[in-house]
Each structure stands twice: as structure tokens, then as C-alpha cells.
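Starting off, we have a lone chain in the form predicted on its own, written out as C-alpha cells.
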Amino acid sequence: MKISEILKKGTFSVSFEFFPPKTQEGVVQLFETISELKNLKPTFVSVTYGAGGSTRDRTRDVVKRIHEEVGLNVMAHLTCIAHPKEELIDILEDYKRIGIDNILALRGDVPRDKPDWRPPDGACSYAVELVRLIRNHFGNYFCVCVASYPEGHPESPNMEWEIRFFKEKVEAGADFSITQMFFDNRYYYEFLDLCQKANINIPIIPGIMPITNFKQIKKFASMCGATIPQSLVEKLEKVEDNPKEVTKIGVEFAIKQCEDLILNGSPGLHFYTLNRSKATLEIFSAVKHLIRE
């Protein structure tokens, strides 16, 4: 079912993001996680797409299996920088054929292990071009989600620039957005204010990254430009070699963050699970009483 139709009803959305594993052991772990999180009755789940199109087949296989075997509403991520337009249309036709009608349209990153990599001829250079391609070739068959960046995309010089290009994606036909992870809700609220002033009216769902591995999250945050509050950094630095304490502090912080977002009218919560369920289950259990039916 199209996620946009669910959001239009005013339903509070709870969703989970997964990545396609490289090994069979990882696949088993992923579907154990999905089985545990399925009990929370998510609005949808999403499956990421690797840099340079590196996980094309694995993403498709996981999406198809979740759709057909697990029965959850699933959104496939699709990055455009690695594929000629004809290839993108083929990928989308395949998703349509297997019954997928939700797509997260992204530009995508250059593979870090291939410094000489260049986009193929005829590729889309930006996500907005992928959104237009989807609308031009498939009309309204797909619900199209796009990414948003409350603290600005790492390549954006300022928030004015950020809003300008986000609005282009919306005007091209995006139905809703999921934000990059953030840890200070102030950035999200300020971003919503900027969007409102720019007449951007699609639902913008906050992306939540529970901190269970401080070194890993610090790396992610530096790559995407997300600010970790100094007070949280200081707490985590004292225990960063103690995984249980890191997880405890990270989960407690995420619970407070989610409570604040819910109470301030967020349309939903999108959890970056890293293919694990424990932290997400704890957070959801603590905030579910606040979620409107």
C-alpha cells in the first residue's frame, strides 16, 4: 500500500530501515530482526541501496522477500547516480511487476573504494531527476519518498540552498520525506519552520538512530554532518569501551528524543536499525503510550 495514502489519513507512522546483508548469516540475522519488529505493526519498512548501485540485486531480493514472505509494507531505496536512465526504468518496472509501489528516490554516493569511479553516461545527477523520471514514466503508480537534511546536506553551503533544492524535489512529485539522522530536535523543528515558509507541505518524518556503538555513530555523524550534543558526547566518552553502558545511555537519550518529537506533532518515527531490534524495541516500548492511534 502507498505510504502516502496512510499518511494522508493522519496515522502516526512507525517504520524501520534495514540494509541488505553481504552474507547468509547476515540474512538470517536480518529476518530474525524483521520477525521481532513485525510485532510492532510498522507502517512500512525500507531497504537501503549501496553506493554505486553495489547492492542492486541484494536490495531487490530482500525487498521481494519482505513483501512476499513477511507481508510488511516495504519501500525500496533507489539511488540514481550509478545507472543510466534506461536501467533505472528497468529496475522500477521490475519493482512494479513484483508489487512494490513505494520508492525512496536518492542521488546516492560515489563508492569510497573506487576513487576513479565516474557515473555512466545518461545517469541522473541528482535525486530530483530521479523523481521526475519516476513521475514521467510511471505517473502516480509509485509513492515517492525523498531524503531531507535538517542540518543541511554535507554538500550544501547553507540552509537557504538546502531548502531550495528540497523544494525542487517536492515540486517534482515527492509525496513525503524521511530526514537524515539527527540528535538535537531543535534542528528538526527549525527545518520544519523553513519548509513552512517555503510552502513545502509534505510530511517530513524524523529519522532516529539509536546509539549502541559510539565509535560507529561518531563516524556516521561526521560523514553526514549530524551534530551529537556535547553533553551526550561527554557521557558516552566515559563509557565508550563498555557496550552495555553505551547502549543504555543511547537508548535513554533516544527515548527522550522520541517523546519530544511525538508530543510536538511529528508525523511519525523512522528508526535506522542497523539490522538489530533490541534498542528499537526498548525505545518503542517506552514511547508507545504517547502515540496516537
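Quick note: we count residues from 1 along the sequence shown, nothing fancier. Computed from a predicted structure; not experimentally measured.
One more form of this protein should be noted, the form predicted in complex with a small molecule, which is absent from this view; the next part is about it.
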query	finding
Close approach of H153 to the small molecule in the predicted bound form, 4.5 Å, heavy atom	yes
E168 within 4.5 Å of the small molecule in the predicted bound form, heavy atoms	yes
is_contact(D109, the small molecule) in the predicted bound form, heavy atom dist at most 4.5 Å	yes
Interface membership of T48, the small molecule in the predicted bound form, 4.5 Å heavy atom rule	yes
Segment that reaches the small molecule in the predicted bound form - one of 173-181, 209-217, 85-93, 186-194, heavy atoms within 4.5 Å	173-181
The single option of A147, A198, I202, L72 touching the small molecule in the predicted bound form, heavy atom within 4.5 Å	A147
Contact test, all of T79, L104 and A127, partner the small molecule in the predicted bound form, heavy atom 4.5 Å	yes
